[in-house]
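The chain below stands alone and is given as structure tokens, in the form predicted on its own.
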């Protein structure tokens, strides 16, 4: 475990490398998308400090639909292009927000959230959803966190049939 404010980038990269290995082990032999999403959400929530929500939204048509998560009840459907999750899926790239109150159109499912990181999930080049992480701390996430969660998203996208 690490303190988000004090860890250097090299140490954080190593931390995420170890998380990626553990996640691959967790998925070993399991190809069910929902089961793997549930375990990944719980794993991230347990392993990363200072989170108040960690979960997956799946792309269904023109909206993201809530999948497995850890934390308080969440928004069930998010239109593509709306909020941080909708922006990430529309852009097909990660969105790191240091202060959610400054993000235009932010959807506040939990008023305690102050920062957010959303990473798209791809399966065979197709966007299928996002990993969404919220923190009660402002500026909790940085580019090293983004790179690490992007690696976990790749592992997840390759884990199921």
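It should be emphasised that the depicted structure is a prediction, and the values quoted were computed from it without experimental measurement. Residue numbers count along the first chain shown, from 1.
The form predicted together with a small molecule exists for this protein as well; it is not shown, and the discussion that follows is about that form.
K.L.:
Which of 26 to 34, 40 to 48, 99 to 107, 119 to 127 has heavy atoms within 4.5 Å of the small molecule in the model of the complex?
P.N.:
The contacting stretch here is 99 to 107.
K.L.:
In the model of the complex, does residue 75 have a heavy atom within 4.5 Å of the small molecule?
P.N.:
Yes - in the model of the complex, heavy atoms of residue 75 and the small molecule come within 4.5 Å of each other.
K.L.:
Would residue 84 count as touching the small molecule in the model of the complex under a 4.5 Å heavy atom rule?
P.N.:
Heavy-atom contact with the small molecule at 4.5 Å: present for residue 84.
K.L.:
So in the model of the complex, is the small molecule close enough to residue 53 to count as touching (4.5 Å, heavy atoms)?
P.N.:
Residue 53: yes, in contact with the small molecule in the model of the complex.
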